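Quick heads-up: it's one chain on its own, the form predicted on its own, in structure tokens.
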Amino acid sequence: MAGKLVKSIREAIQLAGLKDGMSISFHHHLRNGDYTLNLVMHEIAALGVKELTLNASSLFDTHAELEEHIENRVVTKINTNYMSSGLGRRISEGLMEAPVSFRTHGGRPRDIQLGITPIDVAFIAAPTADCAGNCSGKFGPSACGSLGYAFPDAMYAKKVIVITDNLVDYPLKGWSIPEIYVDYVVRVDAIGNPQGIVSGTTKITRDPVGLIMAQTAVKVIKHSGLLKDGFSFQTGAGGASLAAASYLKNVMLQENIRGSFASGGITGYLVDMLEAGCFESLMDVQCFDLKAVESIRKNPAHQEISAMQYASPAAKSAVVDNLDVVILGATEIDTDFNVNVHTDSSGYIMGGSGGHSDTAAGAKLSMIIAPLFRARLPIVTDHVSCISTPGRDIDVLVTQRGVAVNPKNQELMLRLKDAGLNVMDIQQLKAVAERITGKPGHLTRGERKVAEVIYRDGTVIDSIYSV
């Protein structure tokens, strides 16, 4: 057991037998506070290993050092579910020869399990671990909560290295990933900054437009027929989505509705709903803020789940298949209800599906909340510049000017009209936006493919071209 404990990351890499052309993996639970990927890549580069495939559940601006490793051909291929705008911009400008492969949060564990994207060495940043590799994200100075996205890496990689800054006596109590999957353990000074977990929007919007959309979203849920005892729900961490969760809490308490679970990336607002009795359970694949971290540590009804249990189509069942309602965002949506969350209005990579298309496919009601226009550009377009989630999986678009229902869902359309909501054809919403903003110019794409978008079942549904 103690033989697993090695003195340095470099020693662990050498013992794991990492060679040119292999595949390495990382999880993203420390989000923009992560130090581990950069620490590991620095040692790999120093050892002279090259031509690696990097499989990371998500990449953030804190990983900007990857640019140098790509230029020096230490990394020649990237598989990921999300890429923030810093590295995304450079990829869009043609930094890499091979296109990035974007998967979903369910598609990634599916392809790891099926051997489509095998992992030679997985590096797991663990806020607490013992000398045998039993590890958890719930405890320690770098506590991040759930380690859900690291489970497939631990279970299926040929070699697994746990890197921790809080080494405790064996056996760790309350472990998440057990020692049976772990080959080596390394203690370092710091795996990350837990304050970076809260990177991005995790506060309710104060913008009047966002609040109008949030109130409308809750009316859609209320009149959909799904808001009753046993109700299940997921929402993102955007400001309007969190406002919707807050309004939904009030409705559920007023009408004495007790839901079954809320899922996904968990915020303090969902913790408040659990504690208020709105839900029996939280199913947590990732904590979005420190209140969620505290909750998963203390409350047995706040349950940690793996990425496989969350959303994998290869699992025998998954949480997303039991969702009633999911609230999602969009950078653009077209008149066929296809949604883009990968690129910005100029075509630069600035995101990724994450669980977007997994939850949209699984939920009974998949709702997009988005303002009708941003920075003088309409949100509704004839054709999105990149399909992240296909329109067949989207039920309704909520904007500050009106609600558009996918024609496939006639029952919902009638329910919302009967309830007096401002239901409009999506073409009408597009026309309203263009009267305000003008018709945007056509986005010109380069000829070089810089990324491909892989749907949760493994099919390529779109390609992203250079800017």
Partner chain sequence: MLRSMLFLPGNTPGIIINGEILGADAVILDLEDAVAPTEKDSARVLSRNAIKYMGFGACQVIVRINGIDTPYWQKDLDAIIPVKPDFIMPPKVSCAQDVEAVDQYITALEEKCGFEKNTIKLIPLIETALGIENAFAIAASSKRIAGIFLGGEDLTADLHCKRTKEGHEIQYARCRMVCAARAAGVEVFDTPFTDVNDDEGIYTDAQYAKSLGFSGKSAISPRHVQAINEVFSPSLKDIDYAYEVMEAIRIGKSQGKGAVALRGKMIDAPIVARAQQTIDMAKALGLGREE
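Numbering follows the first chain given and starts at 1. Remember, it's a predicted structure, so these values are computed and weren't measured experimentally.
The following text describes the form predicted together with its partner chain, which does not appear among the structures shown.
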Out of the stretches listed (314-322, 84-92, 207-215, 381-389), which one is close to its partner chain in the predicted complex, meaning heavy atoms within 4.5 Å?
207-215
May I ask you to choose, among N409, N38, N32, Q400, the residue with a heavy atom within 4.5 Å of its partner chain in the predicted complex?
Q400
Its partner chain isn't shown here, but in the predicted complex which of F373, F151, Y269, F139 has a heavy atom within 4.5 Å of it?
F373
Please tell me whether any heavy atom belonging to I436 falls inside 4.5 Å of a heavy atom of its partner chain, as the geometry stands in the predicted complex.
yes
